[in-house]
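Quick setup: one chain, the form predicted on its own, written in structure tokens, and binding and motion questions come after.
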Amino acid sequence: MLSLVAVPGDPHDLASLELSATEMRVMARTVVDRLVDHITSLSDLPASGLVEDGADYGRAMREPPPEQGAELEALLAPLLDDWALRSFNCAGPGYLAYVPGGGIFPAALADLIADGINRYTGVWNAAPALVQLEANVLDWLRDWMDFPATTRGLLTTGGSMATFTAIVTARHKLLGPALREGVLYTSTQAHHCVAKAAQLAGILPDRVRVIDVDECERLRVDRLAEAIEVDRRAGLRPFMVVSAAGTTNTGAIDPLDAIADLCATEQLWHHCDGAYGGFFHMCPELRPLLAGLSRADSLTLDPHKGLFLPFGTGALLVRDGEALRAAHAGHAGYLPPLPPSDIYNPAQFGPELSRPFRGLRLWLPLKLFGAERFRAALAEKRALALQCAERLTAVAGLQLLAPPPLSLFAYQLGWDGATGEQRNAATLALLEGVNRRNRVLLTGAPVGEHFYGRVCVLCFRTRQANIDACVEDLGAEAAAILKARR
């Protein structure tokens, strides 16, 4: 392998940042070889590499900007051999915490290509073919979600920006300048980005109603209807409901059909948060679990979850594409002329003008693998979650909050006569014990006054052996905790 000099390029021309073809090939091979070595070691790494001295370690890493260059290998070694390992192994097969992604390798290649060609895709005129490629991807998402041909959408950095864009669109269409009169409704189990996005969109906290949930943590439509009536009588303007197609805490799916019915009657905008669960709608056999999703006015999707892509890949679909355009369209004299209305022009549908070429990291993996393999992977993750939940019901002291609607479920550890506080403490101790074993990584969440452990199966690398390890470790730690209290 050729050695890279400390300052790549011509050392006699400091103003040049150009590399020779040989240097570029050597650098690329070096990075890819290192990256492949890292990926192939993921199953052998602990589920979490976090250490207690993390804050001190971070402070010790602070440094001034470099004046002189360094060799690539000297930079890659600490990055991949140390710093990247001091983290959750969220690309690994034992990652059952939060909502996993995974980051399939072709998406990394797509990002390399997109950054390498460095074409501008903010407006259609600058790269018509590349923008159309992105429009095709959005049309695929539209079709998988059974949205109509009038739908337009946007690729975003994640669910938070998709939700923000949806609220801005609903606000623009239904409230106009009357922001202070508008009221938004969501459930106690909504993702925290809903309240944050509402505030950023000008819907302040005193105009966000948090609606109670039922025993399975699903939004109660009767309470929603009551809250809307109260606000109307007070002279306010209810305008939007945000539901969830799979909540983060427990995996619950709100009654989407009933919410859609109520929103139609009350003439409210229904936004569905499908960041976690939406892509299960790709599987025809699972669509009944998400009945009503395709009736939403807008839908958040996170391809970095359900399509196993790298973090930073979100999407928004809006049934009335012209409403999305009306809320975000803008133009300036220095920009190229607007294309015909049937041509997708990204800057007219979202807040960004400068943006990366996001479409390629979806297009390339989908074209390489085909949709059927993504559907098979999603179906397998749900089957593994169902199996895991069923096996855990046989573990003494473990109680499921509800069977997993999709691939996420919550549970508690307790015993006859245990108080709520004791159950919460036992469940937290259970998680800590399992995570110390470091074969799988689990997280929990407070739900009302209760603390639940969670299992979320969505990393594409998670297979049967990892579920076996999860069940074994939960069973062993639960038995140890119950034995210790006798």
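No experiment lies behind these values; they were computed from the predicted model shown. Residue numbers here begin at 1 and follow the sequence given.
Heads up, the form predicted together with a small molecule isn't pictured, but that's what we're talking about next.
- Contact with the small molecule in the predicted bound form holds for all three of Cys193, Gly246 and Asp273, each having a heavy atom within 4.5 Å.
- Of the candidates Pro346, Pro93, Gly159, Pro238, Gly159 is the one whose heavy atoms come within 4.5 Å of the small molecule in the predicted bound form; the others do not.
- For the options Lys381, Arg218, Lys305, Arg358, the one in contact with the small molecule in the predicted bound form, meaning a heavy atom within 4.5 Å, is Lys305.
- Contact check for Val99: a heavy atom falls within 4.5 Å of the small molecule in the predicted bound form.
- Note on the interface: of 383-391, 274-282, 77-85, 261-269, the segment with non-hydrogen atoms within 4.5 angstroms of the small molecule in the predicted bound form is 274-282.
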